[in-house]
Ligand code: CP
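Listed next as structure tokens is one chain, alone, in the form predicted on its own.
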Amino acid sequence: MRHFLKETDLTVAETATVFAQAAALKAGRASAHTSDLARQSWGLLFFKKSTRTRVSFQVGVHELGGLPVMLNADDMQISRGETVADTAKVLSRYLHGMVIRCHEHALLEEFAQSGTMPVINALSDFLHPCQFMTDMFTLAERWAKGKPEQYVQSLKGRKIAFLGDTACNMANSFVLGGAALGLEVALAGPKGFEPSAEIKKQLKQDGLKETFSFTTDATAAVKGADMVYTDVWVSMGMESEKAERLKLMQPYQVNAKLLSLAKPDAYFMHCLPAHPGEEVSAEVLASPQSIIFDQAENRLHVQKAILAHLARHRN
């Protein structure tokens, strides 16, 4: 039984396998669906609103031959006090796997421990591993010039600049996944928004060195970067902090001037939804360096490969 709760739940070799399958699934999507999840039903349990994650997983399970069962947490007994453990045990009697998008990462861990089926982290407040995997795949498509066997190797030594709230789940995923794949991760944000002790503890638990740096100087982080990344400044559940966050984060907006400090062929990425004029300028979003919609599309292909990988290990 395997789960995908964090980036390091896949070895580097397994990541290479997943990337190769994602490339094959992407190339063959128009011709035929596959049967990796044939006669299987996978639950999609959402505690948070979603567009890309919900649709890509629902379509992905279907295209792998399975039945996606959409579950809204507010419509389930878990919202009325039924325990995570009991919910996991019951659903394990019905389903072959679970995809969960939630707040507390501990909920995912408890669900995986209590149930008897694979669990995929579709986002928690701590990590966003499916997005990170997709982002790396999207870059590797370009850097390995379409050669899937070289995708993982093409990432090693690349400099990734992440601007804004560098204690958020997406930044955590770059810290953890970047260390595993040999990336140089340069984080820049206001004082007080640096990587937390929790993500440093996770690195230690996984036997990884800290390969990231943090600075309050946005220009220093972006200089010489192969890719520049940002995320929303006000995540779901943090609306009460909006005014303060917008003020503090303003020096870290990714605009044309800041992006020009990266390598000439650097890419801009954003996990979406974006707020033009806040964390990124409209000009950068529409620029040739922006590959945000390739990222969004690739969520489907990479997640299908992860689903298939976990299904094989279940059997």
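Fair warning: this is a prediction, and the values are worked out from it, not measured in the lab. The first residue of the sequence shown is number 1, and the count goes up from there.
Note that the form predicted together with phosphoric acid mono(formamide)ester isn't included here; everything after this is about it.
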| query | Taking the shortest heavy atom distance, is residue 301 within 4.5 Å of phosphoric acid mono(formamide)ester in the model of the complex? | reply | no
| query | Looking in the model of the complex, any heavy atom of residue 31 within 4.5 Å of phosphoric acid mono(formamide)ester? | reply | no
| message | Just checking whether residue 58 would be counted as a contact of phosphoric acid mono(formamide)ester in the model of the complex - the rule being heavy atoms within 4.5 angstroms. | response | no
| query | Could you tell me if residue 53 has a non-hydrogen atom within 4.5 Å of phosphoric acid mono(formamide)ester in the model of the complex? | reply | yes
| task | Taking 4.5 Å between heavy atoms as the contact cutoff, choose which of 166, 121, 138, 131 touches phosphoric acid mono(formamide)ester in the model of the complex. | result | 131
| field | Residue among 45, 64, 271, 280 with a heavy atom within 4.5 Å of phosphoric acid mono(formamide)ester in the model of the complex | value | 271
| field | Segment assignment from 65-73, 271-279, 252-260, 34-42: heavy atom within 4.5 Å of phosphoric acid mono(formamide)ester in the model of the complex | value | 271-279
| In sequence order, which positions of 82-104 have a non-hydrogen atom within 4.5 Å of phosphoric acid mono(formamide)ester in the model of the complex? | 101
